[in-house]
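Here's a solo chain for you in structure tokens, the form predicted alone.
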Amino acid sequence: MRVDPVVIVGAGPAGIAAAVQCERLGLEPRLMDRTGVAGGLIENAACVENYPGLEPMPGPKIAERLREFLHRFGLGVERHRLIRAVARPEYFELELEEAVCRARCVVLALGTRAKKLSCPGAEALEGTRLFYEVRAVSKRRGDGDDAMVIGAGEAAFDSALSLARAGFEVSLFGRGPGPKAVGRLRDAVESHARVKTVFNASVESLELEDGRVLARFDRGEEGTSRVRADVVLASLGRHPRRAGMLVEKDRVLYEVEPDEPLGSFVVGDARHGGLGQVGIAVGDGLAAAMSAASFLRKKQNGR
């Protein structure tokens, strides 16, 4: 079986940066993603305004530019879902959903997964009325529909702004006493005519009633509030996609520092958690590609 020089799993900003840099260095990378599409979670962003050298622009536009960037270097994205990656003496063996491949180096840009809403009724509504990514909600045309956002952090505020701009009437509910989002994003949400924020509201249950979602919130001394919406977006934070994925003699390689000479690199939010900063992800991907090139040169020289 062929052994590829570098396989990159995950086609968000970190994986794309790694793939292009590997191509520039002559490493002939393979780039894979479970969706088969480049871009990653950046498509959920209402606006990216802190990437040096680029004017502020919405996340979907950034994703489009990333796809153009890949195409410019003749790179595509293979649709594969990684099941398991195991370190062998001379290569990594990647067990994919429908295939197996081998690589001298592996770059894991697996991103994050959403923390699920834990309350009665949530599981039954997931994927139809309850979502964890704004791009999934945006496909349901807004134009006056009511959207409920549960969460009070940066991602929740960003999602509320995206939905408001898409035409939804948005109510954002946070269980704490106030917002966790700060600065320009907080100001943009709080000044938007289509967004209402409510705090000290802990969701107790969700159910479908007359074609709409009925949510019950514990408001403390104010008692229980009943709120209806057409769709619900839960934005409660994210977990790195990493536990148990890469194993060597029962040792989880995600616990190994990326610069150790093992040929495996974890980049972007899979490494840092839910920071959600495209600049950090891109830098991580570039660093991994440079380290992979150095690792492969040492292997070729017998060191």
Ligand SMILES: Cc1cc2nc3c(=O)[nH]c(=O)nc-3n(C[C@H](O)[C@H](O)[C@H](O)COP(=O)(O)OP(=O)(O)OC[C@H]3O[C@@H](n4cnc5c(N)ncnc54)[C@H](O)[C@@H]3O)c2cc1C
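The numbering used is simple: start at 1 and walk along the sequence shown. Just so it is clear, the model here is predicted, and its values are computed rather than measured.
There is another form of this protein, the form predicted together with this ligand, and it is not shown here; the text below is about that form.
- Looking at this ligand in the predicted bound form, residues G40, N50 and L82 each place a heavy atom within 4.5 Å of it.
- In the predicted bound form, this ligand lies farther than 4.5 Å from every heavy atom of E169.
- Among heavy atoms of R241, some come within 4.5 Å of this ligand in the predicted bound form.
- The closest heavy atom approach of T197 to this ligand in the predicted bound form falls outside 4.5 Å.
- Heavy atoms of S138 never reach within 4.5 Å of this ligand in the predicted bound form, leaving it off the interface.
- Proximity to this ligand in the predicted bound form, taken as a non-hydrogen atom within 4.5 angstroms, holds for one residue of A45, L27, L70, A63, which is A45.
- Only one of 219-227, 201-209, 107-115, 188-196 places residue heavy atoms within 4.5 angstroms of this ligand in the predicted bound form, namely 107-115.
- Residues A155, D158, S159 are the ones in 150-178 with at least one heavy atom within 4.5 Å of this ligand in the predicted bound form, listed in sequence order.
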